[in-house]
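Next comes just one chain, in structure tokens: the form predicted alone.
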Amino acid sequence: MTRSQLRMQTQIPQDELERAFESIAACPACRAALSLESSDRLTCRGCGRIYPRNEGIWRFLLPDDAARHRSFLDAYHQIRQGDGWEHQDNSYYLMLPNVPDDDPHADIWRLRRRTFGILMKHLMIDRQAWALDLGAGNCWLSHHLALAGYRVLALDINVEGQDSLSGGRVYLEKAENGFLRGQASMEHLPVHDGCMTLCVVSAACHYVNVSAVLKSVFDVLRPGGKLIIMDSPVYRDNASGMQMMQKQLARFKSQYGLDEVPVEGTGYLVFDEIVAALNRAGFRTTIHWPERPGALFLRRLLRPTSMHREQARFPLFVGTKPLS
């Protein structure tokens, strides 16, 4: 299916999306069904917890998870703002994953355009299909999945600033295909088991407890559903990843005075380990590489004479939940 064909999918009205969400919403604490008591309030039928919607974002983050992630978010906000990820110009976000050539992160977005192109080739959409965008950030990918025809739930723990779920209002104000936003941990997803067709974790899997997240995602996917992990740095071994992290931490200390960035993951993925973790979780896994033709050959040719650590690669891991 081409990009133009995807965009021709029937648009899903926002009110229809809101009504449909109640049928899949589950308490992230006890997994019981949620009831929509008002347009901005969900109540758990099991434990009675109340989940409000503030400023357009459903608040599903459990108190223990909020406390656990607080130090990470404090450091993350400081780094992202200092590194120039946050913009005040709405048009910048509406163009993503395209950015100007002089953008400080042009190389990263160039790679993301390639991985995004591979992702779009794997979309199998019907008008009832739900997709999760985990670690959604500013919701640029949620926006494109919604345009493609999915019912999209964008989840992240970060809700502060343009570089967060709050920034997703830029896309919603365009009045094209909408999506829903929720603050939630990847380990405690606010949807019923077996209801999602697609889950994408873009540029976020290296921050989390991979085994816990894979189990959570496997449970909420329907049989035949797909998990796509993309845009995380991947190495052949831990030594190369640790070298990268040491260099990053030294920069954070020098620029921002941060002694640590308390992520639950390692800050990178190791190829064999992530494939093994996907298999243990129950997925059938395929790998797709975004490098330009000849790039891998050149990388291998230069490696014996290079004194530098291994460069990260950014494959797409596509895990399919078996039909039975």
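Remember, it's a predicted structure, so these values are computed and weren't measured experimentally. Just count from 1 along the sequence shown to find any residue number.
Another form exists, predicted together with a small molecule; not displayed. Remarks below refer to it.
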Close approach of residue 136 to the small molecule in the predicted bound form, 4.5 Å, heavy atom: yes
Quick one: does residue 119 come within 4.5 Å of the small molecule in the predicted bound form, counting heavy atoms only? no
Residue 192, heavy atom within 4.5 angstroms of the small molecule in the predicted bound form: no
Do residue 130 and the small molecule come within 4.5 Å of each other in the predicted bound form, heavy atoms counted? no
One stretch from 246 to 254, 144 to 152, 206 to 214, 99 to 107 that, in the predicted bound form, holds residues within 4.5 Å of the small molecule by heavy atom: 206 to 214
Run the contact test on 111, 114 and 289 with a 4.5 Å heavy atom cut-off to the small molecule in the predicted bound form and return yes or no. no
The unique member of 229, 186, 221, 180 whose heavy atoms fall within 4.5 Å of the small molecule in the predicted bound form: 186
Among 197, 240, 162, 158, which has any heavy atom within 4.5 Å of the small molecule in the predicted bound form? 158
